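In structure tokens, the next block holds one chain alone, the form predicted on its own.
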Amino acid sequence: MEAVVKKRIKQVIKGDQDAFGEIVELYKNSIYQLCYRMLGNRHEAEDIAQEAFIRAFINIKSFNQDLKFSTWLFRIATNLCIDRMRKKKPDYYLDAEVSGTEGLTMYSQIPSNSPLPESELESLELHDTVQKEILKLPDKYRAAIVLKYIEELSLNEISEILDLPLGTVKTRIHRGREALRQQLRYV
């Protein structure tokens, strides 16, 4: 296909405009798809694809025929899409008043980083439930679970505190976690 395109380019340079029409037919779908994927709008994609072919036709004499034409054409289309996206960016100012409101600015539209009261309440209730279930664990498991997950100590630190081998600590944490999981299943 590239050989056919290069032959058509030579014809276009000599003045045969119909030869460029054949090039357009070869690449129109792929250029349109590229533009559509970049812009997300059918009408803009059609406009930019058409503009890409116009720019290619105008600048065909500057095309380096040692390179692939499709790469050159895709670069033109990509640059045009990027230019269109830059121009499309809306100008929003956070201190500008929101239309239809009295005194509200865009700052008031930014969500807060703090959790919602419902989320905080659910979290507290879950924490209380887990704490009650931890208290029901046998002492040997409870100590390991509290040190690991509440105090966030390393396994080596837990081993030293409980004066137990590392393997025993791992086993107690695992069994305590499984027991806690079973208890929470029925809550």
Partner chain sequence: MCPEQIIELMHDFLDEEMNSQNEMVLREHLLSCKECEAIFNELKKTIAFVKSTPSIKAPANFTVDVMNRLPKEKKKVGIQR
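Given the structure is predicted, the values throughout are model-derived calculations rather than measurements. For the two forms, the rigid core is made up of the largest set of C-alpha atoms that agree within 1.5 Å on superposition. Positions refer to the first chain, counted from 1.
The following text describes the form predicted in complex with its partner chain, which does not appear among the structures shown.
(Q) in the model of the complex, does V187 come within 4.5 Å of its partner chain, counting heavy atoms only? (A) Taking the distances in the model of the complex, the answer for V187 is yes, it comes within 4.5 Å of its partner chain.
Q.
Within 4.5 Å, heavy atoms only: does L67 come near its partner chain in the model of the complex?
A. Contact with its partner chain, no.
(Q) Against its partner chain in the model of the complex, would F63 count as a contact residue? Criterion: heavy atoms within 4.5 Å. (A) No, F63 is distant from the partner.
**Q.** is_contact(P165, its partner chain) in the model of the complex, heavy atom dist at most 4.5 Å
**A.** Output for P165 is no: heavy atoms all beyond 4.5 Å of its partner chain.
Q | Those residues of 1-39 which, in the model of the complex, come within 4.5 Å of its partner chain by heavy atom | A | G15, Q17, D18, F20, G21, V24, E25, K28, N29, Y32, Q33, Y36, R37, in sequence order.
Q.
On a rigid core superposition, would Q11 pass a 2 Å threshold for CA movement between this form and the one not shown?
A. It does not reach a 2 Å shift.
Q) Core-aligned, is the CA shift for E157 between this form and the one not shown 2 angstroms or more? A) Shift at E157: 2 Å or more after core fit.
(Q) After core superposition, I'd like to know whether A144 moves between this form and the one not shown (criterion: C-alpha shift of 2 angstroms or more). (A) Result for A144: yes, a 2 Å-plus shift.
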